[in-house]
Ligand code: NAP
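Next up is one chain by itself, shown in structure tokens, the form predicted alone.
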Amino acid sequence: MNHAPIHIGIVGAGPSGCYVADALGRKLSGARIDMFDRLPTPFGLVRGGVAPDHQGTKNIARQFERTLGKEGVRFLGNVAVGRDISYEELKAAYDVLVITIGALDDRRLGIPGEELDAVYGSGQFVAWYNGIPADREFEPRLDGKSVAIIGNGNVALDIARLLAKTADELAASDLCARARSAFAAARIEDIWLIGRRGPADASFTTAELGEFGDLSRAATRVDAAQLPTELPAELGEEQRKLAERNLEVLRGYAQRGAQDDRPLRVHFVFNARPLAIHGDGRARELLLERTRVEHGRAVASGERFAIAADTVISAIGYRSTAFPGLPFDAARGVVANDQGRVEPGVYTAGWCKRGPQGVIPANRADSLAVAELILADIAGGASGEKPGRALVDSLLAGRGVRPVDFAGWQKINAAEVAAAQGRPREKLVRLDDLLAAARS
């Protein structure tokens, strides 16, 4: 007896969505998989989040490209759930619906002065320099001498490193043209990297930390007094190994000290929490308080100090954003789920499932686990009972929505590579330009 094909919808064409699509496509013969994305371009944070000077990390896009090009898989770009089609309509169309929308909204600092000009969230800032089209033009102010970046993760390191690099050091990156111009015009002298806890609790990886030793115009400053002589006994083995590697790098920076007189200084400041941002309509100063870690928590000491900060960027994490009807845990900022199950026939994977933690390989493991969950739930010869893409195509056509398909993305890709002039690509950053390239 021939079963009708299973119809699978995946909302979000980033790493998690692509890993789920690949895993299900391999195991479900004849499955029809539709991948939706609000942008005309696929690959999510590989395109819009990975630092533009880390081209090796972006190579994973080649694998995702093969997934999108497989028989039975469709890419529907520039289709936003809640705007062009509803969550309820997707549930009606697909036997299996998987939500992999990532986490794009910046968590707020929650301090006075956060509303001042020249105060930004890292998600907004990273999307800008990676050329992600926005509903409105965003031009961050980088016209002062001092930038404060709050956060002790790789995103904070990425922002500091890119701001510290010269044009020559950025030549092999795919940093978009508007950011290259802004960075070249900036006259930054001090970049402050600020963590609420100590270096043993920092979540950056050693390779990224070590890159600051190779910058041609930037001196990396670390106060040796802030580096512990021994690590807390309660650290797990993996965390201890990471902390030891990071401390070795930081001690090397501390030994260089003030003898390094290069024109730009990158300061690592630990055990300091932001209290307020002061300014005259825009940021001018960041007020901080020393902390100490007790039982895994940063506890205020009462000792306050301030640093000049003409631009403040918070890199303290992200939240997912729900579309209407989606079960959502507002307190945690994730899709409400039980080990990946959202409701009958609906699943979630990646950052929107577990929070914004882990790099791309962690998303792969999570996505494969959710794919196995889906396969277990539909085991026993289940066949497709829902209309799938026939219903979706009818709804979108009736609303005048023209998705960007995989061939359209390939045209965008070709246009960007052709305009590169020795760079990996020159990203199209306006939505109209992306759509024009896709439909050329």
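For every residue, the number given is its place in the sequence shown, counted from 1. A quick note: this is a predicted structure, and the numbers were derived from the prediction, not measured.
Keep in mind that the form predicted in complex with the named molecule is not shown, yet the notes after this line are about it.
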| query | finding |
| --- | --- |
| Partner-facing stretch of 88-96, 183-191, 358-366, 168-176, counted where any non-hydrogen atom is within 4.5 angstroms of the named molecule in the model of the complex | 358-366 |
| Non-hydrogen atom within 4.5 Å of the named molecule in the model of the complex for each of 109, 155 and 208 | yes |
| The named molecule: the contacting residue among 133, 317, 121, 279 in the model of the complex [heavy atom, 4.5 Å] | 317 |
| Selected contact from 77, 102, 151, 199, since only one has a non-hydrogen atom within 4.5 angstroms of the named molecule in the model of the complex | 151 |
| 4.5 Å heavy atom contact, residue 203 and the named molecule in the model of the complex | yes |
| Residue 340: touches the named molecule in the model of the complex, heavy atom cutoff 4.5 angstroms | no |
| Partner proximity in the model of the complex: residue 411 to the named molecule, non-hydrogen atom cutoff 4.5 Å | no |
| Residue 54: touches the named molecule in the model of the complex, heavy atom cutoff 4.5 angstroms | yes |
